[in-house]
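Encoded as structure tokens, the following chain is the form predicted on its own, with no partner shown.
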């Protein structure tokens, strides 16, 4: 059986994504020439949106190896292909890393704590300088990407070995490394979000901020998996194996993460608002005035209530085409949520670059991801749980 996916539809999506990415790259370069500050701020926003798909896939890949489940076997190759884009994401981080040095730091494009003149006048930043300093910022980023890339490559290597040999030892190694890998994912993501996003407002802090981003990454990843299944589940070899129950399981996970996102987001608001501390409440005051309150209501309505009531339907969660519409809608709302979290820290206002950057960066990432996916077997047929997961389909 030929295990690679053959889909003209997928080829078209890849071609369009590449075109959008190239056009976005050209427009972003033009934007950088016009307004460097706006370019870097939009770049950070677009980067965090795209990074969610790669890191969320890494987390779900490890969860699958620890917990098993037919749902994971149905999308495992898609998760692996997404994690293999991590070196590309490391390269895309370079412009963000450059903003903490030299003129880019003193211009305050992103991080005011990187400017020695600002630190010299702020006792709070002086106290945090042991952690918030340019050299340590870059060292930590290198550590994060080293861990993410290493775990991605190791687990995907063992998965490929399992394809070739059927060796049960490969499954054991993937399971053994997934436990520590999930712990490292939680730790590195917490620190990475603190470094890259929370430090935009260096006097503000939240102990649940990293969790909010991790849940958002999970939601973005599940939405992407649903869209891919909608495009590919009717084509061989997936058509002979992927069943309604697998779609239903992923739909239930999507439903659960919609609820979890609402829970952790509201928990942070309640804790900080009830605490009424001068260091915490301004973060929400900025985001609930000056027009930002419209986005608050949009997030409550369209990121939670509407998808929550739609996904209550068992029939919809078993229909991949209907589920795809909800998934596309949720990806748009993930973009809106990140916009609400990140952009109020800047004083430059709305710019067309906030649309161009995630589209351009996302187009390049999607083209790379689909290229990797098409070259790899779409099903892990030598996995020891494969027969049990797809037994009822007569194979």
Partner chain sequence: MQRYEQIEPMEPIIGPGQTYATITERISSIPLTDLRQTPRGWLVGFAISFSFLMLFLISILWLFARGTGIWGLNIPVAWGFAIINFVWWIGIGHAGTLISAVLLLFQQSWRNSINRFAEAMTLFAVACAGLFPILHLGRPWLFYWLIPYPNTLGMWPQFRSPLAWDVFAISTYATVSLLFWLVGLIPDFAILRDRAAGKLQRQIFGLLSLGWRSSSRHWHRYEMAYLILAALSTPLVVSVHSIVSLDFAVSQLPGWHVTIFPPYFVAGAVFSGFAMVLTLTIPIRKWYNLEDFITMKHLDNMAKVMLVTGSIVFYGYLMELFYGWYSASAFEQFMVLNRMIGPYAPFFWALIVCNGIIPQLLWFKFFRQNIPFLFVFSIIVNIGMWLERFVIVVISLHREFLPSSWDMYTPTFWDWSLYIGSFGLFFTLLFLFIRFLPMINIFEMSMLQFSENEKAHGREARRVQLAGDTPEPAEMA
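Values in this document were obtained by computation on a predicted structure and should not be read as measured data. Positions refer to the first chain, counted from 1.
Below, we refer to the form predicted together with its partner chain, which is not included among the displayed structures.
Whether 293, 298 and 340 all lie within 4.5 angstroms of its partner chain in the predicted bound form by heavy atom = No: none of 293, 298 and 340 comes within 4.5 Å of its partner chain in the predicted bound form.
query = Exactly one of 131, 101, 88, 302 has a non-hydrogen atom within 4.5 Å of its partner chain in the predicted bound form; which residue is it?
reply = Selected residue: 131.
key: Of 306, 138, 119, 171, the one that lies within 4.5 Å of its partner chain in the predicted bound form (heavy atoms)   = Looking at 306, 138, 119, 171 one by one, just 171 meets the 4.5 Å heavy-atom criterion.
task = Considering its partner chain in the predicted bound form, find the one stretch among 188 to 196, 90 to 98, 225 to 233, 320 to 328 with heavy atoms no farther than 4.5 Å from it.
result = Checking each option against the 4.5 Å cut-off leaves 188 to 196.
inquiry  = Please determine whether residue 385 contacts its partner chain in the predicted bound form, using a 4.5 Å cut-off between heavy atoms.
reply    = Contact check for residue 385: yes, within 4.5 Å of its partner chain in the predicted bound form.
query = Is there a heavy atom of residue 76 no more than 4.5 Å from a heavy atom of its partner chain in the predicted bound form?
reply = Residue 76: no, not in contact with its partner chain in the predicted bound form.
request  = Please check if residue 158 has a heavy atom lying within 4.5 Å of any heavy atom of its partner chain in the predicted bound form.
outcome  = Because no heavy atom of residue 158 falls inside 4.5 Å of its partner chain in the predicted bound form, the answer is no.
query = Does residue 175 reach its partner chain in the predicted bound form, with heavy atoms at most 4.5 Å apart?
reply = Close contact exists here: in the predicted bound form, residue 175 approaches its partner chain to within 4.5 Å, heavy atoms only.
ask   = What are the residues of 178 to 212, in order along the chain, with a heavy atom within 4.5 Å of its partner chain in the predicted bound form?
value = If the 4.5 Å heavy-atom criterion is applied to its partner chain in the predicted bound form, 178 to 212 yields 179, 180, 183, 186, 187, 190, 191, 194, 198, 199, 202, 204, 205, 206, 207, 208, 211.
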